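Taking the form predicted alone, here's one chain by itself in structure tokens.
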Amino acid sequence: MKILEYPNKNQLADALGRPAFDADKLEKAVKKILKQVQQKGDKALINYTKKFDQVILDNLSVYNEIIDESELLLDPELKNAIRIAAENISKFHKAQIPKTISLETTKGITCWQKALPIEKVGIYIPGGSAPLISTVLMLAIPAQLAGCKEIILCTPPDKSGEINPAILYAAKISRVTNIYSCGGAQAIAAMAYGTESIPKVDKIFGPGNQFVTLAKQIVSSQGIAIDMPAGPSELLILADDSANPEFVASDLLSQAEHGIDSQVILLTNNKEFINRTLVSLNDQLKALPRADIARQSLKSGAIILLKNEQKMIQVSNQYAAEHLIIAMQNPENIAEQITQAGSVFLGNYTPESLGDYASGTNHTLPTNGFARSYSGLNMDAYYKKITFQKADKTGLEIIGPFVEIIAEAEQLQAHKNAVSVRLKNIQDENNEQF
């Protein structure tokens, strides 16, 4: 990790820069994949599975018998842990279900807003070296709570052509409708355009590598809704002398082991704390099974010594981290000053891992600075909200003249007339009564 002491503006900007990639070359490759799937459907998906996953598939669908058998293959402790996580995620997200809003804005005019679930949602679960069981829960449980009619899940098979049974079990208890052996940008294309096997969905959810992220961004420009442009994972930690260096080191490594493109940053106002954290970091790194991945990830990370607490908060808001840990005295007070972050973890006993798995909050969060404009995944993402309004004669008589004035100022005579003819009709009816 890079270590900077009281960096200037340019040094700080360089240290906070996200890992870069060749966007032009990547875009060309992703667009080719999208086009092939759009034109050739299942055939393209099977060919890409053979090319990228080294697996020859006869069928993309995962049958219910295989899904049901997955439960028998799992350790009871793991199944229980998955159920506990699912319960907490369900509790927190159930509380977010939007309610119908109705009010009379003017006498005789009632407006209301109703939330309706998106009918078909697609969930992407990355493959790679680690089965992301928790991501299934995070994406599928809110869809089930919202009442989405179809929940489609795509995930790549392993080298033997199988899907991890824990993924299947998590999908089963989350009431996923259909599961398909399909990964990468080609899976995004399948859900965006539809193929012979995989139905076209209304919105696509889920994280992934740079290929998947770019594929989601491209299809979103073609009218397919996505959750957010989520990319490689990242973590920023604010720590002072009250923090435990062993805890902080473990948090840095928990994100670094995600992948070589993950980014971890530590901000502190205590120089001695840096040295103690580095010692613990190296000790813990030696025992990690994914140490090689973590080491490569740490190369793009940084430990930055800043003058004071306020500067730390300022830099944190500048970075807009996906995950933010506040390991400081009075973390609640610090949290009140945080304006840019995906999800925040307060105190020495709240590791980011809690949010990743079982606290109840969603771990699908905006990365790459998108926390400035995107929220972490929540129940709103699974609904579209429709507004309604109804006016009676009294309401139209009250508000109609104001609409006429504004419409005339905008030189939209037909808009004005739509009100005027009604007002004249009401006036004529009133005159007839007398």
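Computed from a predicted model, the values in this text were never measured in an experiment. Only the largest set of C-alpha atoms that superpose within 1.5 Å between the two forms is called the rigid core. Numbering starts at 1 and runs along the sequence shown.
Here the subject shifts to the form predicted in complex with a further copy of the same chain, a form of this protein not shown in this document.
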query: Among 352-360, 269-277, 300-308, 139-147, which stretch has residues whose heavy atoms lie within 4.5 Å of a further copy of the same chain in the predicted complex?
result: 352-360
query: Are Asn64, Ser160 and Ile260 jointly within 4.5 Å of a further copy of the same chain in the predicted complex, each by at least one heavy atom?
result: no
- request: Find the only residue in Glu71, Glu196, Glu246, Asp241 having a heavy atom within 4.5 Å of a further copy of the same chain in the predicted complex.
  value: Glu246
task: Only one of Asn282, Gln296, Gln217, Gln314 comes within 4.5 Å of a further copy of the same chain in the predicted complex by heavy atoms, so just point that one out.
output: Gln217
message: Phe92 versus a further copy of the same chain, in the predicted complex: is there a non-hydrogen atom within 4.5 Å?
response: yes
message: Pro165 versus a further copy of the same chain, in the predicted complex: is there a non-hydrogen atom within 4.5 Å?
response: no
query: Heavy atom to heavy atom, is Ala20 within 4.5 Å of a further copy of the same chain in the predicted complex?
result: no
query: Any of the heavy atoms of Lys172 lying within 4.5 Å of a further copy of the same chain in the predicted complex?
result: no
task: Counting only non-hydrogen atoms and a 4.5 Å cut-off, give the residues of 402-434 close to a further copy of the same chain in the predicted complex.
output: Phe402, Val403, Ile405, Ile406, Ala407, Ala409, Glu410, Gln411, Leu412, Gln413, Ala414, His415, Asn417, Ala418, Val419, Val421, Arg422, Asn425, Ile426, Glu429
- prompt: Once the two forms are fit on the core, has Lys35 moved its CA by at least 2 Å between the shown form and the other one?
  reply: yes
